[in-house]
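Quick setup: one chain, the form predicted alone, written in C-alpha cells, and binding and motion questions come after.
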Amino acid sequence: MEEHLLVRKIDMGTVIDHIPPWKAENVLRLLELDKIKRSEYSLIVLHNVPSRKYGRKDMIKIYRHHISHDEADIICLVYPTITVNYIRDWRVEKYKPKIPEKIVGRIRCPEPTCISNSPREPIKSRFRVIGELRAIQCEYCDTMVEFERMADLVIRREGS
C-alpha cells in the first residue's frame, strides 16, 4: 500500500511528533497552543496516525510558530517519546528534549494551602523533577505530582 501525506509539508514552524495516540490535547494544554488565535499561525493536529516506530501516534504541526526548548523539555517529561523538529525555509533542525531539573512558574501546585497558591504571596510555583519516580515535587510544600497530571495543572499565561 502506497503511503500518502495526510497534511502538506510546512516551510516554517514546529512539528511535535511521536506523541502517544489520543494525547495531543494534553500537549496543546501544556503549551497553551489551544489559545493561539493570532491569524498568522495555523495549527494542525493529527490523531492516531500510523507510526512505524510505535504503531500509532499523534502529531502537531504549528505553522509559523516555534516552541521554546523549555516548553519542549516539559512535554518530554510527560511524553518521553516525543521528537521536536524546527523548520526554517524547508530545512529541518531536530531538537532532542532534555529532562529539566526544575519547573518554575508553569505548573500550579494542587495543594490548596500551598503558599504558592496564596493570592497575597507574589511568588512563582517551583517544582523539582524526580525522574525515577516520574513525578515533580513542590519546593514549598513537598506535594508530589505525577508527570501524567501536569497538563491539568498548567498555569495560564496572561495575554496568550
Partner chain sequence: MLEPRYGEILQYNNLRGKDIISARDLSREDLEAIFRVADSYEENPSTYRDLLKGKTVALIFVEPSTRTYHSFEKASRILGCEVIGIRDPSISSMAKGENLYDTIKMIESYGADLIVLRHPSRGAALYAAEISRVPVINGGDGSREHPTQAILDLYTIYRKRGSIDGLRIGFLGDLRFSRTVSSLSYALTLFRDVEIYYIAPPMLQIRREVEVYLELRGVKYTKITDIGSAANALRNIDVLYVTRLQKERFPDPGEYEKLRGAYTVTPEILRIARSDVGIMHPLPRVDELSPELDGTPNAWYFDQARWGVNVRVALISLILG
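None of these values were measured; they are calculated from a predicted model. Residue numbers count along the first chain shown, from 1.
Only in words, not in the display: the form predicted together with the partner chain, which the text now covers.
Can you pick out, from L43, V92, L46, L133, the residue that has a heavy atom within 4.5 Å of the partner chain in the predicted bound form?
By the 4.5 Å criterion, the partner-contacting residue is L133.
May I ask you to choose, among D11, D142, E25, E148, the residue with a heavy atom within 4.5 Å of the partner chain in the predicted bound form?
Contact with the partner chain in the predicted bound form is made by D142 alone.
Can you tell me which of 51-59, 92-100, 66-74, 109-117 lies within 4.5 Å of the partner chain in the predicted bound form, counting heavy atoms only?
Single hit among the candidates: 109-117.
How about R29: is it within 4.5 Å of the partner chain in the predicted bound form, going by heavy atoms?
Judged by the heavy-atom cut-off of 4.5 Å, R29 is well away from the partner chain in the predicted bound form.
Is there any non-hydrogen atom of I123 lying within 4.5 Å of the partner chain in the predicted bound form?
I123: yes, in contact with the partner chain in the predicted bound form.
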